[in-house]
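The chain that follows stands alone, in the form predicted on its own, written as structure tokens.
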């Protein structure tokens, strides 16, 4: 069991300023699996000072992007070498099934790092332009400065890499605040960063709660905040950054809709759609949890989805055969059970699941659940549940399906399933979301990721994700 008593700040393991600790408990066994120091505002001050010094006075910003990318490549390779260990560690922290986590928690993270390693070699950080008066100017893309990275507990390493990888290539420095539920994998990341030689102060890690996180958001020496988490928290962070004219990227919640067209082959749709809705125990912002089916095929779709969900294996998340593990925290299980009750109260019907699995006396488990007879106005269709709960909603025609998909405060992800790919693609373009897919679900790391409406501000991934860590500077040159 990892028990740490130091924080990684300024390229070294240092004693925390406070005496508090964060104890980590397995969502499956409810037993303690690790411990780290609980960071304080004084630790944030120390970490920001280290990041500021590394940015203002260190070698980091003077290195070529390719040199920084080589360190990122070494970071990725070392994470890959320890993939099994890290996947199991994250499973012990948040209950993510190992079968999903080895790719979704670990290798997806290194794929992001590898993408930015490659981008650094071809991206144009400086170009000469000729102005309208015939004068020349140099347009430079410079690092944004010190970044405060705040990440959630559902995919902690992946959401960290969405921020750290482009920040490193850009030449920014970072203070990372992991969620208190999942600080252990961040400690391993610090070990690896130190091992591969990332310069002191470039990455600093302070596990802590919300109050300390707010201190990071408002710290006067921080230039940008990169946050992944709830829409409610994102609104507060946006307000605090707005008051300070501070750069901010927000990747927030979702309530994504999957539109099943009448020509879709359910034998192909269901094996793709059910994992997209229940991935990571349903604790994914991009989870496809609203399933839209025409009234003509509604019962057929409900039956097919319910059969597949009912056959999902629930149990020990470290078992490679397990598809659904426990929710991350007891309060999260209580929250999901509240939505199960709400769905029933508003008139939806539980087709499969709807409670706690009988074979799991310990752990914060909820059965994977399918609701039918769902109206899009119901809470289970409008609010992000963050658990393995799918709602099947009927629609009249394609225009109605698009209207239902867009009738949401969110706009993060979505999908359209149909035999005619051109038609499905056209319909996907009418859905107001930042990412969407045809006949499946997959994040393309070379393309921008983010949301419309309440799902966030800015984009991660792709070249656009790098540009979020760059500032533009125009230098007018003498004639």
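Positions refer to the first chain, counted from 1. Source: prediction; values computed, not measured.
What comes next is about the form predicted together with ligand NAD, which is not displayed.
For residue 143, no non-hydrogen atom is located within 4.5 Å of ligand NAD in the model of the complex, even though that partner is not displayed. In the model of the complex, at least one heavy atom of residue 412 sits within 4.5 Å of ligand NAD. For residue 449, a non-hydrogen atom is located within 4.5 Å of ligand NAD in the model of the complex, even though that partner is not displayed.
None of the heavy atoms of residue 343 is located within 4.5 Å of ligand NAD in the model of the complex. Taking a 4.5 Å heavy atom cutoff to ligand NAD in the model of the complex, the contact residue among 254, 277, 201, 387 is 254. Contact with ligand NAD in the model of the complex, judged by any heavy atom within 4.5 Å, is made by just one of 393, 87, 264, 151: 151. Stretch-level contact check against ligand NAD in the model of the complex with heavy atoms at 4.5 Å: of 204-212, 312-320, 189-197, 108-116, the positive one is 204-212. The putative spot formed by 258, 272 and 381 is not touched by ligand NAD in the model of the complex; no residue has a non-hydrogen atom within 4.5 angstroms of it.
Contacts between stretch 261-286 and ligand NAD, counted in the model of the complex as any heavy atom lying within 4.5 Å, involve 285 alone.
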